[in-house]
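This document opens with one chain alone, in structure tokens, the form predicted alone.
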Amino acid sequence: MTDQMMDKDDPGVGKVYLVGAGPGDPGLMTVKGKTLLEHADVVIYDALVSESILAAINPLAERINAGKRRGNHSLLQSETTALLITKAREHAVVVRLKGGDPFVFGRGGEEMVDLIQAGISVEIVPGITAGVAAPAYAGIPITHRDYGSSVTFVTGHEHAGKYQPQVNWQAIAQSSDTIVVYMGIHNLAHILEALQAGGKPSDTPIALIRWGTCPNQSELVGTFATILSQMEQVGFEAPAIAVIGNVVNLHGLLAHGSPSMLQVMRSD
């Protein structure tokens, strides 16, 4: 990897690497992404990147938290892009570290377009997305020949501070066996209502997975009819993803004995 990187002694030559950190377990980050962290001059990272992954950053590198949480943004998106451009003109190896995969609801495409338009060299380093990894760690395969042969990934995030659906939930309800919803916990009541209007019955299985692949991962499993009251009872909060469909019924079987297995796999 170091032979492929730019010459750090060449001023004015910089490159931004949009790196996917994966879902949380450091063992799920790619070798290429880890190597870039070890050789970076600057790392600009998001809020959901785990501390164990941040520990791999070059100790001499400048670290900048650009994390975004509901109602609490460290940097606005435009500020983050401007910062990337500035740092790329000052340093050779700039890593933009994002949770999951940069191109799956990570705004990586937006940032890449802006960087290219600014004349900055940029490379994408994919990561494992939470919508695949978190269900797997919960014993839920998102596809299964007997339970679901199609899957849709969709964002449930609100727009401009209030819920304004950007997707056709009724069409998704009618066309997809498994639905994986990112950032939809705060709007789950609206989402479930729309999916039921599209034909999903009230007994449709749903699993909510919080802090997927991390040591504190937790799951809440129910149906459309029960999940909201279950969330209230246990105080279930974001960040979490929702997995909807008959594949959720495999959770009880495939997650049997999973705590000890996850402890081995998580590389904490």
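Source: prediction; values computed, not measured. The first residue of the shown sequence is 1; numbering continues from there.
Beyond the structure shown, there is the form predicted in complex with ligand SAH, which is absent from this document and is the topic of what follows.
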item	value
Options 189-197, 140-148, 122-130, 78-86; stretch whose heavy atom lies within 4.5 Å of ligand SAH in the predicted complex	122-130
Interface membership of D101, ligand SAH in the predicted complex, 4.5 Å heavy atom rule	yes
Contact of Y182 with ligand SAH in the predicted complex (heavy atom, 4.5 Å)	yes
Distance check, L228 to ligand SAH in the predicted complex, heavy atom within 4.5 Å	no
Distance check, A240 to ligand SAH in the predicted complex, heavy atom within 4.5 Å	yes
Partner-contacting position among L54, L48, L28, I64 - heavy atom within 4.5 Å of ligand SAH in the predicted complex	L48
Sequence-ordered list of residues in 131-151 near ligand SAH in the predicted complex, where near means a heavy atom within 4.5 Å	A134
